[in-house]
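In the form predicted on its own, a lone chain appears below as structure tokens.
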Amino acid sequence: MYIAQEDVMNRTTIKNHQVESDALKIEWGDGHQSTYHYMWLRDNAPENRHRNGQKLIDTLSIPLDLSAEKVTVNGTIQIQWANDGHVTEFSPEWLRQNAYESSEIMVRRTQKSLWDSRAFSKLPPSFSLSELQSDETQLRDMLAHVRDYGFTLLKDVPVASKSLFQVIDLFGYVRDTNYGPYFDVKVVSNPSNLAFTSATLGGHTDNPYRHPVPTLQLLHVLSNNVDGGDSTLVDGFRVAEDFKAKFPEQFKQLASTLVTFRFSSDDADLSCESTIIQTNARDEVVGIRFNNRSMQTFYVESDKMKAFYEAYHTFAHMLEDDRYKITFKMGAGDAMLFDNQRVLHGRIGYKSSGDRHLQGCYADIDSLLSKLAVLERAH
């Protein structure tokens, strides 16, 4: 324990500092070196923030050639600015916490827990709705599971129409779509969506034809006494990372080729052009849009089409591989809440005799993460 505390202290101990023309360089007690440009320091100084977190200073009011007239290190760092003589004070803890080189950013960023079927040889325990409604610690743990793993399982949700809203009420609001505030998943005649049949559904994300796509989905079981109809879940981020490592060129194909998704019914006609794998500026996977049923005719250069389909086949086979997929049966009162941009869901086909009735709805993950942040701050 003493060593750990010493390491923490060294991280925020200023060993040396160097004043340059446009930046301050700091060598920390643990040997790490950070560079802080003066423009960034003046713009982001804690004194320039209201207690609500909003910035009080206009960035345009800071000259681009800002320099330091004097730098004093005495427990804290005081910088007297050359342009107006103002002195700004920074604590070492704040500077280290906000160091913006990539190695420090990676330490601070939340790392998602990627998983495959081996991680859940036994399903994680379900959270009881009544306990979530009365125990903030349980609610925090449930929301954290969605953040970290992309899904959570629920139990004891009342077996009554629209009771799924009680789950969403724990953290946010239902997102209406052309299906309304909720939708019934059961066999119907002349279905507008193959989900409303008894057919097998491979792993997919919902509503890829929307922009923005619904980021959370909840499915609640009202009845399920059919032969079959088991649910499946796949961590699309885990599959995408393995796909990238094993087949980097094919990964680039699916992360750069625009395809069209579309849904059409009597009262809706929705389409969106997107890549199947979405990445950010750091080339990290941040979203999956995969729904073979909704893909439409798309166009790429003729010399790239064959490569695209080879990449698509590889990725699609991996998504259906039992190494990644977990399969389980949900009964009346059970529900699952999952990140629709990360976790692909599906089902095993079933005989139409018997009764299988689920209700589903959509919500927004930013509300979930906001509620989780508030709960973690309070505890």
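Keep in mind that this is a model prediction, so the values were computed, not measured. Don't overthink the numbering: it's just position in the shown sequence, from 1.
Missing here is the form predicted in complex with ligand OGA; even so, the following discussion is about that form.
This chain is drawn without ligand OGA; in the predicted bound form, the residue among L201, L153, V146, I168 with a heavy atom within 4.5 Å of it is L201. Screening Q253, T177, S126, Q217 for any heavy atom within 4.5 Å of ligand OGA in the predicted bound form leaves a single hit, Q217. Partner contact region in the predicted bound form: 339-347, out of 22-30, 62-70, 35-43, 339-347, criterion any non-hydrogen atom within 4.5 Å of ligand OGA. Put simply, V185 is close to ligand OGA in the predicted bound form: some heavy atom of it is within 4.5 Å. R11 falls outside the set of residues with a heavy atom inside 4.5 Å of ligand OGA in the predicted bound form. Contact annotation: L358 falls within 4.5 Å of ligand OGA in the predicted bound form, judged by heavy atom distances. Although the partner is absent here, D206 is a contact residue: one of its heavy atoms lies within 4.5 angstroms of ligand OGA in the predicted bound form.
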